[in-house]
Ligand code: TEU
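The chain below stands alone and is given as structure tokens, in the form predicted alone.
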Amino acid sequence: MLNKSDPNWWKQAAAYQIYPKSFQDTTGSGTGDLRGIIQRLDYLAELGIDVIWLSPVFASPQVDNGYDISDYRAIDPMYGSLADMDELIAQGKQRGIGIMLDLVLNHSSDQHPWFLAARSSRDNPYHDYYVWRDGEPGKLPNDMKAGFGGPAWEWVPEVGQYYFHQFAPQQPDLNWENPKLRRELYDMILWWMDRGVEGFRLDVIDQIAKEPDRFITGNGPRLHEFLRELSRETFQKGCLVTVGEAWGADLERARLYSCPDGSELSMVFQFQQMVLDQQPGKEKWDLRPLPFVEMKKSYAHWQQGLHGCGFNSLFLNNHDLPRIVSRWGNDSTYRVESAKCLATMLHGMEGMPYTYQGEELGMTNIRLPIEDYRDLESLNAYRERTEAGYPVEEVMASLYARSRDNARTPMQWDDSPNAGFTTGEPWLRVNPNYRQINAAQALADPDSVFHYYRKLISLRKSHPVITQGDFTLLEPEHPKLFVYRRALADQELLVVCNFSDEETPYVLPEGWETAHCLIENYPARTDGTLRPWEARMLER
């Protein structure tokens, strides 16, 4: 187990994201719950992870799957109770696994007591906890659009004003300019720290300093001032790991977020690699083939740019992204090989790796009829794009590729009905391939994707070159190969990945012919050819 009294323990740690609604149901409700997570802790301990990033389980009307919080100090009854959360924290600690809560500090639910009071009167002390502008019905303060479609303003006749919402109308934005609001949030975070949580993931944290009058949402002028105050008042009072979701982060901003002095956060989720396969300047639904050479150079840019002056988060999947083996790999003929190849590429880098539930099994995207989708963003995109004249077949193809519901199908535990996820009717359909792809099968197969992930996670704890070494991209223009070297003092690591369905010639650099192979996804061969999706990690 890692020594979590060390303020930098997380630099060697590996995280696992749980989307609780889809992880394990113990009540037959069709929705996952906290007791289901407790039931599966030994599985996660075998994988070797150190932290569970737990997507929101707070009280919520569930308009946006829990990212609309109505009470930051209560557990939604669909997931269990505060006592269940306390037990999860305690049981996790016994296994060396900490809980990282997913906090939404940019907005609340419109059913939060703060907002219910705020909308009752302009004189109510909670009114200024939110962002309001004067106006009249039908005449919006400006033409800003919300992230889930439609205008970013909603009229409240009781106060004769519009409130600002960057996402759904049921998610009013909090006003971080108000110091009383900030104090309420800090006290809530300290309350959770006292309960034993070991970290926080901060949803869309780069949008808290919005200035809607100037059409500013992300990276507002006071953003880093707010983050430094937040860290000083909360995170720096414990040995926590913190990560902020920051779609607008570039390298310069990431150095501020993850500055080694701990003045803001441990790291951020930046998404520059995750938008490369959408057409530049277009929506996520407008797809293009992955520009592989550009992707490699982007990873190198971030590895080199944060080395020694910041910290990377490493991820290929999350609850907002499609399954990576369907997106960048080959989810049919070479599903296992490409899943292992993608994992090798990522886990050899410097940073904290995040495995999203089912990624360690090589779970794939699903194709649903439109009436079976549950994701608000996907449903709105279908409506808006079909109304705009896009062919239904084209719209559905983009949903099959990019819908957030691809990542939210229930966890595939075994080949029993509903994949062992629930004895009831699952809230979202289970992927039909669960009979071939499931945890029971993976645990029993020593050559499975699961055991490959387990070995990769173990390697970073025993090889400092992985967690601390510098990064050099080799073969930068090669259209199929992702090759890089890591170096720390007299330790060197070489990672070689063939991102292709074809055999590809490759000769190891001089001096690496007799290097020790730490992990590979094919039986050893030395004929100068890499097989489809072959990956190796060598050390010397």
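On a predicted model such as this, the values are computed, not experimentally measured, just so you know. Numbers for residues come from their place in the sequence shown, where the first is 1.
There is another form of the same protein, the form predicted in complex with the ligand; it is not shown, and what comes next is about it.
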Contact label in the predicted bound form: L379 to the ligand, heavy atom within 4.5 Å: no
Does W247 reach the ligand in the predicted bound form if we count a contact as any heavy atom within 4.5 Å? yes
Using the partner position in the predicted bound form, report whether D64 sits within 4.5 Å of the ligand, counting heavy atoms only. yes
Could you confirm whether D203 comes within 4.5 Å of the ligand in the predicted bound form, counting heavy atoms only? yes
Which is the contacting stretch out of 187-195, 314-322, 224-232, 85-93, given heavy atoms within 4.5 Å of the ligand in the predicted bound form? 314-322
Let me know the one among H463, R404, H451, R385 whose heavy atoms come within 4.5 Å of the ligand in the predicted bound form, would you? R404
Y390, W328, F148, W114 - the one with a heavy atom within 4.5 Å of the ligand in the predicted bound form: F148
Within 4.5 Å of the ligand in the predicted bound form: residues from 284-299 (heavy atom criterion): K284
